[in-house]
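A single chain comes next, written as structure tokens; it is the form predicted alone.
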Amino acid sequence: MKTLKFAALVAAGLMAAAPALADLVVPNLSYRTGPYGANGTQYADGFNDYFTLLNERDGGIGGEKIQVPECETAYNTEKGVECYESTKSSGALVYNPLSTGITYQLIPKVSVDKIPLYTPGYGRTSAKNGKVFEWVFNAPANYWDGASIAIKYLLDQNGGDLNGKKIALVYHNSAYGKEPIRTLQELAKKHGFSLTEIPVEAPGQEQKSQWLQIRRDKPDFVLMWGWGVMNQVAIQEAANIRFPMENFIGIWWAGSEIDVTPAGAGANGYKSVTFNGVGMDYPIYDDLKTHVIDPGKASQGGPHVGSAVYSRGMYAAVVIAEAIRKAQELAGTSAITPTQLRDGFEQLDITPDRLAELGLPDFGPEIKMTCDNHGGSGMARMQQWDAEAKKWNLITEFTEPDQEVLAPLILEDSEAYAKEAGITPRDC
């Protein structure tokens, strides 16, 4: 039986790119170079290390070793597509490119190739609608969830009333940065605040004019959709004009240690949305130390273990691994196909009890996906930077987004995409 399986893998061309024992292939479309390399490296390390843990501690998933071949995209859309095309024939089960631009280009490709695309906390928000986006999953939360939760937090901090308040959105002028604009515009109508949209050209090293505008306009709150060096510059500029840090909130991609540490004490009190836990006070880190770090098997030697972005990359690997387990259970075989993995994602339910079993109690919200809901509950929470202790502190519980606003927007956007792409929505 194993011989036949081995022969089938050779015939499929897997042996050209993978060791003989690697039966489950999960490519890591990473970026360790370019202006976003410092962030991408941490995510890639966390992603790699969790699969290494499963291989070393458990012998893989369901008795099958996991191979995680890396392909450098430099956060460049064209290179990301090239990485996808060069690795998909290796037996790739799923892709997680950590780039909204790359995701937009891969959505039609994975739909034809029938390979799942997992984009947690990034990508196309309306991919939550599984009736239209059969092969794309974006749980536990998407950008519109993040925008809604930031506004709900501000409502809580202001007695439930934002009427007449001024909010500025500082955003990376790309598909990523533009994602929350429509949602924030609708939330502004609902809650009576004014919204000023302030784009920053990539990579974001020059923001003098944007922060002069903020100093002039005096918004009550600033939201930020940034990535890489843009975040560091924005936080420093905010400190320079003495903008109150407690009124400055970033999305989860603007909530890492390397975003705040360059500003020193000036970053104290800065906040961001997050959908994963912070720090290393989780049992899983004991297992990582025993099976991955101490034996010298950590990605790059483990310099970023426990950072916010490392933890998020690890979390993405956790969800993929759990979807693989579910797919194996449903299919009755350990050597699953991408189509079977799609089924695993659609029936995935990572409960709080299961998270605790995995060594990650209260690390993230429950992730429950279905045929029509590929985005889960959308719950997230707030974290705040303590500059003196040099750590993030969780300051709220997991919060539900405003589905009264978001659900119609997701339906409208996904149906427009279906019409444009000639897709007949599935009957779930």
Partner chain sequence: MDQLIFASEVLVNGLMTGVMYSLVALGFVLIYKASGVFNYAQGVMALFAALTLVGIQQGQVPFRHLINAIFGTHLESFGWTLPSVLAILLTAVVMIALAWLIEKLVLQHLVGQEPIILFMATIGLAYFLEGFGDVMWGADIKTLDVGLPQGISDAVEATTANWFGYGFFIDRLDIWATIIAAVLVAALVAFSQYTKQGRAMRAVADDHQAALSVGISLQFIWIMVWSIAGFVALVAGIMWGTKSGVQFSLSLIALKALPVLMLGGFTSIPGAIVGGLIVGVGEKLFEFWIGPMVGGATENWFAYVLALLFLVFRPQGLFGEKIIERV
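Numbering follows the first chain given and starts at 1. In this text, all values refer to a predicted model and were calculated from it rather than measured experimentally.
What follows is about the form predicted in complex with its partner chain, which we do not show.
Contact residue in the predicted complex, from Pro69, Gly34, Pro361, Gly62 (heavy atom within 4.5 Å of its partner chain): Exactly one residue meets the criterion: Gly34.
Considering Val233, Val278, Ala267, Ala298, which brings a non-hydrogen atom within 4.5 Å of its partner chain in the predicted complex? By the 4.5 Å heavy-atom cutoff, the listed residue in contact is Val233.
Triple contact flag Pro408, Glu415 and Ala421 to its partner chain in the predicted complex, non-hydrogen atom at 4.5 angstroms: Spot residues vs its partner chain: no contact at all.
Tell me the stretch among 351 to 359, 333 to 341, 109 to 117, 193 to 201 that has any heavy atom within 4.5 angstroms of its partner chain in the predicted complex. Heavy-atom contact with the partner occurs in 193 to 201.
In the predicted complex, Gln157 touching its partner chain (heavy atom, 4.5 Å): Outside the cut-off, so no.
Do Arg242 and its partner chain share at least one heavy atom pair within 4.5 Å in the predicted complex? Although its partner chain is absent here, Arg242 would touch it in the predicted complex, with heavy atoms inside 4.5 Å.
Would you classify Ile181 as touching its partner chain in the predicted complex, given a 4.5 Å non-hydrogen atom cut-off? Contact check for Ile181: no, nothing within 4.5 Å of its partner chain in the predicted complex.
Partner contact for Glu206 in the predicted complex: its partner chain, 4.5 angstroms, heavy atom: Output for Glu206 is yes: heavy atoms within 4.5 Å of its partner chain.
Taking its partner chain in the predicted complex, which residues along 295 to 320 bring a heavy atom to within 4.5 Å of it? The stretch touches the partner through His304 alone.
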